[in-house]
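Presented as structure tokens, the chain that follows is alone, the form predicted alone.
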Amino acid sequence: MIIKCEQCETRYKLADELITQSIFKVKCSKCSNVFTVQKPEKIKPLDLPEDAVLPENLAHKIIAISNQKGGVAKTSTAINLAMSLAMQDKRVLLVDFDMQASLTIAMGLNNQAKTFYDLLHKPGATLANVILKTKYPNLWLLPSGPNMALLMKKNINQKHFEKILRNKLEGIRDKIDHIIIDTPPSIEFFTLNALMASDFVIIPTQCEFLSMHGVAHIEEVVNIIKQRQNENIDYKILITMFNQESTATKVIYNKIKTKYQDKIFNTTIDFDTKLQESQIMNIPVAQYDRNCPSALQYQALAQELTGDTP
């Protein structure tokens, strides 16, 4: 288990077999800061009942979270939107389709879990033993790990390589309300697969120039997919890490609203220290502090996405 001091950000590796309590305090040997750590619970294999058939016409069934720029809260949005939807009694599958495995780590797993690579290239691997049930009700995870780099190398030259994720998800889509796919900060093998598998794209962005540049690239790719592949895919922009006190942030936000108009979510995600703290604890923010600003905002985003009322 990897832990990190929230004060000096020093990382430590603890042997799992030596941890006897689910919640415990540790003292950083570098800065002497005392902080609380929660031991991740073991995650169980997929346990959806065979008769868990859901409506095929559910809006925004498969959602990619994507922006070419990093550091815009893609992984945070994937986790916390999924948690918020699960709290609405939606069955939600998180797919970590980034070989850096940030989402998998953020959910408290090490990088030894089975991945999409195993599903595609290991004999006998099935969705049922690759997808894991998290400790949170209604929430499942398809992890990532180091062997995902081999996935790209082995399949990049294959015909229709951009549809391998889509083809595999067909086996689970009738048993899940929403599938949310986390992507890397680039437009290549993994992101193209995520976009081709999705019917909706959320593009998180800060109110800054470089992040807006990333939005334009994802928008262009989505439009190309719609035109050339005749796919039913749409997108909206989500403003993240919004600083209510910054005049520059507000100016850029107004420019984004003017340019994209109805392609922006009404909900914005504010900069929130509680969200940062929840990331250190490897838990969704709604489980860390259900009434903090970012938790309430991700719940509002889930309601806006589905059209459900609180």
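None of these values were measured; they are calculated from a predicted model. All residue numbers refer to positions in the sequence shown, first residue = 1.
Absent from the display: the form predicted together with a small molecule. The rest refers to it.
- Screening F271, Y260, F265, F35 for any heavy atom within 4.5 Å of the small molecule in the predicted complex leaves a single hit, F271.
- The partner is absent here, but in the predicted complex a heavy atom of V72, alone among I179, V72, A197, I203, sits within 4.5 Å of the small molecule.
- Heavy atoms within 4.5 Å of the small molecule in the predicted complex map, among the stretches 117-125, 130-138, 72-80, 152-160, onto 72-80 alone.
- Using a 4.5 angstroms heavy atom cutoff to the small molecule in the predicted complex, none of S211, I252 and N254 count as contacting.
- Not displayed here, the small molecule is approached by Q276 to within 4.5 Å at the level of heavy atoms in the predicted complex.
- Using a 4.5 Å cutoff between non-hydrogen atoms, I283 does not count as a contact of the small molecule in the predicted complex.
- Within 4.5 Å of any heavy atom of the small molecule in the predicted complex lies no heavy atom of I62.
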